[in-house]
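The chain below stands alone and is given as structure tokens, in the form predicted on its own.
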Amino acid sequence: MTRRDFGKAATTVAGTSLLPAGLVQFARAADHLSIRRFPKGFVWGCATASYQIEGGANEDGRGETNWDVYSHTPGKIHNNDNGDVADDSYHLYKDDVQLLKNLGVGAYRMSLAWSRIFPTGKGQVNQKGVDYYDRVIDELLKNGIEPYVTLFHWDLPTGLAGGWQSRDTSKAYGDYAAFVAKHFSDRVQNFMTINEFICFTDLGYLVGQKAPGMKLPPSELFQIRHHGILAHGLGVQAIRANGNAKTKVGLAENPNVFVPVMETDEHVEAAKKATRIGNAPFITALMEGKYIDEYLQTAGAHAPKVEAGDFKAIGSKLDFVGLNVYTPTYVRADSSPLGFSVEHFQTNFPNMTSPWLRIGPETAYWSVRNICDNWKMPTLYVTENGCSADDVLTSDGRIEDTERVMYLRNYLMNFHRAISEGYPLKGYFLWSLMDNFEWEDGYNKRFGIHYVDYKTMKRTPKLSAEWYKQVIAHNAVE
């Protein structure tokens, strides 16, 4: 029996004078404590990415991307799926805005396809691509939904020779960011430069499981990482120089979230330290404007070449940090030179449908706390949080994704804990608005709160959409 059930039962019994009044008051107080209310003005939203939902791959002048090439390479994607059509949001964007409106969200995190605006990554602007995003943004605003725009979510124009191996790609990104800020900042206030560095650097150029699917030696990987964060820095500078006075800039990063095995002082301190060292190539470098000693020692002879002025750009001040939060890494304090060690997952550790997505609700709390305790950020957003599930249509067309509701409820309770302790978490973007192309998993994994029939493109709200709608309406989770 939950506290709410107990409260209802106690009230009912009290009505027959069988329960003391004091116990009734206790039950009602317990019922109230089960509700976790979020601050007034908290931003509720959903998130998507261009290649995952848009489709229209060969329409209106869009240029080819690394994911077009990779997904059309046999054997790279589950079932040899690709993003040519995806959710067809290129044509159905008005329907998707209505999904957002029905949820009651105040914001939508979307990404721009770089190759729709600059088909080869630089040079001549494709006006039809710009017009498309004008239409999407205007449709959002018309429906009372604020766009939060990510400039790069992994779909890199193939016209940029060398991809992220080339420093020129970072410079081209800066020019792209300047155009985006100049054109869209009259309606878009919040821009995110990059989504998840490790996914397009390490997983694309070392592990080879994401585009472009390469397996390069360490010296090249370290330089690619540097080009990634340099692009971010040049992007921040470009957005500030070309956006209007109200423009705010951040990024959407998926840092390694280090969770203490126990909440004792020594293990909490170990998690804080692990956060700084374990995220050294990316968010630590951005926050501190340098590569820390531990990272350079690990890199050794493979350390990246850094040119004059690089870290002035990389360390540019941010208005906010976006966190993509999914799964934990548990650490304990020890007597090693680093002062901590990482715990290995047991074989029976629970996960969602995606094997990598281990369930650790406390990850939500520690993601916020560790970033703030290390770098004192003034504003944080959760720019992604969600999960895959084995969504099955019932005979009457419903999707009862109770496991997703369980996941979201428990993570949101832990985000609320961070807010209740004074950490500056200002908004939450659920991943994802709808099922979509999940990169190397193709259409085999469903993360959406709206079910997509990929034959008809019909969108159907799942139980999780109904639940999230109630959370937003009450600005609370229980």
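The structure presented is a predicted model; accordingly, all values stated were derived computationally and were not measured. For every residue, the number given is its place in the sequence shown, counted from 1.
There is another form of this protein, the form predicted together with 4-nitrophenyl beta-D-glucopyranoside, and it is not shown here; the text below is about that form.
Heavy atoms of every residue among Trp431, Trp439 and Phe447 are located within 4.5 Å of 4-nitrophenyl beta-D-glucopyranoside in the predicted bound form.
For the options Phe340, Tyr295, Trp154, Tyr90, the residue carrying a heavy atom within 4.5 angstroms of 4-nitrophenyl beta-D-glucopyranoside in the predicted bound form is Trp154.
Exactly one listed residue, out of Thr158, Thr247, Asn254, Gln223, brings a non-hydrogen atom to within 4.5 Å of 4-nitrophenyl beta-D-glucopyranoside in the predicted bound form: Asn254. From the list 189-197, 114-122, 78-86, 287-295, the contact stretch for 4-nitrophenyl beta-D-glucopyranoside in the predicted bound form under a 4.5 Å heavy atom rule is 189-197. For the chain shown alone, Gln52 is a contact residue for 4-nitrophenyl beta-D-glucopyranoside in the predicted bound form, at least one non-hydrogen atom being within 4.5 angstroms.
Asp96 falls outside the set of residues with a heavy atom inside 4.5 Å of 4-nitrophenyl beta-D-glucopyranoside in the predicted bound form.
At the 4.5 Å threshold, heavy atoms of Glu384 reach 4-nitrophenyl beta-D-glucopyranoside in the predicted bound form. With a 4.5 Å cutoff on heavy atoms, Phe184 does not count as touching 4-nitrophenyl beta-D-glucopyranoside in the predicted bound form; it lies far away.
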